Structure formats: C-alpha cells, structure tokens
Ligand code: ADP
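Shown next as structure tokens: one chain only, the form predicted alone.
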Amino acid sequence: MTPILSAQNLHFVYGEKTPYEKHAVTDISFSVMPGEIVGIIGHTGSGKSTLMQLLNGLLKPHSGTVIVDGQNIWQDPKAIRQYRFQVGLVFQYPEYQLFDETVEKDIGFGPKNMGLSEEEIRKRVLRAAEMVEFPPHLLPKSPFDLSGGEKRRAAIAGVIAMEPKVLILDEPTAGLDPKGRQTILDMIRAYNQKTGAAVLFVSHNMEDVAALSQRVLVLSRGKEVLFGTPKEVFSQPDVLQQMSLDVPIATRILDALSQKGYALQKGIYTIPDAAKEIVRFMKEGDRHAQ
C-alpha cells in the first residue's frame, strides 16, 4: 500500500542566518498510510506544531520533501493551496478562529474557497456537522453564542467539511473537561472509520495517544526519536522520561503492581485493557484459592 502522506528529511529553521536562528525541525522522515491514526508526542518546543504546518504546506521546508498522495506538494508552488484542502489542519484552540456571522457560514468557509456550488457546500456543512455531532438547529446561530465544546466541534467541522485525505489536529482536547475530551476523541475515531481518512493528532495526554493511535511519533528538540506502535514506544519508559514524557497511567499502575509481585501481563496501555487484565488476574486467583 502506498503512503497517503510522507515526510522525507524535513528541515526547517526559524530566523535563518540571524542571531535568533533556531532549528525547529531537523531531518524528520516518516510515512502515514491511508486510514491510519498517528499520535505525535513531545515536550514543549520539540517541533510538533512546526511539523504540522510543514505537512499542511503553511510552512515551506528549507530542505526535504512532503509527499501527499504521491505528489511533492512544493513541486508547483502555485498549486500549494490545493494541497491545503487535501491535508486539513485544525490548530490548537480552533474555536478562537471562528469569525463568520453564522456557524453554517463558518463551516462552509473552506468548501466555498474550494469553488464548490452552493448546493455542494450545504451538503458538506450538514455532513460535517453530523460527523462532529453538532446540532443542526444551531447552524443559523452566531458562533459566539455557542458553548466552549460546541465552538470546538464547529471549528473542527469547518476543516472536515473540506473532506481532506489527511486530517491533522494540534492538541484537539486541550482545555476541555473530561466529557468534552471524550466527545472529541470519539469524534476523531468515528471520522476516521467513516471516511477512511488518515488522522494525525498532537497530544500531551498519553492516555489519548494510547487509546487512539496505531503508531506514535516521538519528537525531541526538532528530531525524530521514536516511531512505532504504542507498544513499541511505551515499552521504552526510560527513553521517554529523558524527554520529560511519561507512559500512560494504565501502564504505570500495572507496572507498580507487577513490582509488588502480582503476575500481570505487560504491554497494556489503556484503562479498559488494564481493567480487564486486573479482573482476569483476580478470577485466576479465585480459581486457585478454590
């Protein structure tokens, strides 16, 4: 299978050839397959947001290549705008970017810029609203009259309405309460399953990354440190701790119990799986006691 998105030896420098020069991304290479969900983690300043903007074409790499669906996105700089429709980027706190008179116009802003007909724009707005579970009766309202969670979903719907082949989200659950956070995570999973689009999401929450990702990219000081399955990445806690990162809480709990002599399975990274393992262990203990 051919990757839908590839980064090849990406390098980007802020303030090049000035006293403030900073190498934000250095020689990063990885690929994302169609329909894959990739979590991206790293400490503040590790280059995550810069990488997202390079993949979307908002920033042009000083060297290296971004390939989308087999094409170098900078081969023809005049066509870069079209690639931004294919690789949709949702910034952190996207609700602050809402600006139009109504939610419907805000969600339809991207499709309108794509030159679609009014009928197609309306269809896409309704489809996107449904995917993020945004109530249709709120579409005529001003986006500034919405709750925080509703604003977040409306902003994400505005990117989804462009029906990108790759959806990139920078800290999509930042600042949300547990219920709002779970709603966004469920929405990301449902969007991925319904559309087959690849999803990349940046997060500081290891539980979110473990629960959603098929592969995890770890960055530190602009460089790629690890790229593999959650099991491959989170089985290296010493490497993560060197970058001020941690493993998911489920892993920490089971490891702590294992160190106390409980024979629990290793390589578990989500709360539901950890709960199942503890129940299994307790049942095994009951059978032995009998």
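Numbers follow the displayed sequence, beginning with 1. This one's a predicted model, so the numbers in the text were calculated from it and none came from an experiment.
Unshown form predicted in complex with this ligand; subsequent notes refer to it.
- Contact with this ligand in the predicted complex, defined as a heavy atom within 4.5 Å, is made by none of 144, 147 and 180.
- Judged by heavy atoms within 4.5 Å of this ligand in the predicted complex, the contact stretch among the candidates 228-236, 47-55, 61-69, 255-263 is 47-55.
- Using a 4.5 angstroms limit between non-hydrogen atoms, residue 280 is distant from this ligand in the predicted complex.
- When this ligand is considered in the predicted complex, residue 223 lies well away from it, no heavy atom lying within 4.5 Å.
- Although the partner is absent from this view, residue 276 stays clear of this ligand in the predicted complex, with no non-hydrogen atom inside 4.5 angstroms.
- Shown alone here, residue 10 lies farther than 4.5 Å from this ligand in the predicted complex, counting heavy atoms only.
- Annotation for 11-33: interface residues with this ligand in the predicted complex are 14, 22, 24 [heavy atom within 4.5 Å].
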